[in-house]
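Here you get one chain, nothing else, as structure tokens; it is the form predicted on its own.
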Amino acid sequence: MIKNDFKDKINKINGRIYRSSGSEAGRLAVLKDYVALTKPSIIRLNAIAAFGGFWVASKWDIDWLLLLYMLIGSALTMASACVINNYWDRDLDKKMERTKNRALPTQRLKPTNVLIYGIALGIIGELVLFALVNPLTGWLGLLGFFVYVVIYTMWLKRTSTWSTSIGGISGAMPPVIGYCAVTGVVDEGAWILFALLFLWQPAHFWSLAIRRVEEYRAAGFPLLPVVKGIPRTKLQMQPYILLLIPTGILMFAYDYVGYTFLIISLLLGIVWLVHTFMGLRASDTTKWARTNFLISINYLMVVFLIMIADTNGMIG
């Protein structure tokens, strides 16, 4: 522990010297920190979901310029929410191993500059959605931003176990934005896509929270495994995963996708559900949670990739 703390201090000092050098390498390091604030891995995953929603609504008749505007606008709006989330949580991030070396907890970036950066990203993203896509996508983007920043980050994340479930509203916006960029209306397709992402998120995040439960406890986040315990969390994951299975059936029933998507989504949902059920008797909870987390990520990526490929039954 002492060795790790000493190493962290050396890294912080080196980082400050590196960034204050005015060299090209120093500027690139600062740029890297600003990019990291947007949580690129989250942006990529949500961009796939937004692309999937757009493709399903387009039914292979793609307006490529509209698709580009939608991806840019939604990505910038999501990036803005992530940056402001980092800004707001900077003090609590110091207490967690997973987040303590981020740019704000280590003071590599100034909080005021980060806040301005986050607001600017959001304004540009919303202008793109409202002006170059359609007003509905702009309002959906604002809704997702408000839920993530105000309801989730500023309120529920610090006060309630409901933070993960309610926060899922914002995470479910990308495919809906993609879909509504084409249709201009919120119909059954939009609701099914919303349900898919909304139901996926709690179980996905709780598997991570179980692995990091002591860190979240020390930081003061009242997540479900912290407040109710790990066994209760494993139980509560199951209804969300179980309800994912009908969303795949509904996508097929409403003729958005073909049999290939139906079969693969059912199989993946069953695999995830069975593994989650097995977690009730797992001897190594950390190992189980790590595997469950990986299953959840692959579930979402594969489901949306197959959804794109099999829109209107194009496979087979």
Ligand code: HEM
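Predicted, not measured: the structure shown is a model, and the values here were computed from it. Numbers for residues come from their place in the sequence shown, where the first is 1.
The next section is about a form of this same protein that is not shown, the form predicted in complex with the named molecule.
Taking the partner from elsewhere, no residue among P246, G248 and S265 has a non-hydrogen atom within 4.5 angstroms of the named molecule in the predicted bound form. At least one heavy atom of R98 is located within 4.5 Å of the named molecule in the predicted bound form. Using a 4.5 angstroms threshold between heavy atoms, G168 counts as touching the named molecule in the predicted bound form. The closest heavy atom approach of Q201 to the named molecule in the predicted bound form falls within 4.5 Å. At least one heavy atom of Y152 is located within 4.5 Å of the named molecule in the predicted bound form.
For the options I72, L156, L208, A195, the residue carrying a heavy atom within 4.5 angstroms of the named molecule in the predicted bound form is L208.
I42 is the sole member of A282, I42, L273, A29 with a non-hydrogen atom lying within 4.5 angstroms of the named molecule in the predicted bound form. For the named molecule in the predicted bound form, the listed stretch (42-50, 59-67, 282-290, 250-258) containing residues with heavy atoms inside 4.5 Å is 42-50. Scanning 286-304 for heavy atoms within 4.5 Å of the named molecule in the predicted bound form gives F293, I297, L300 in sequence order.
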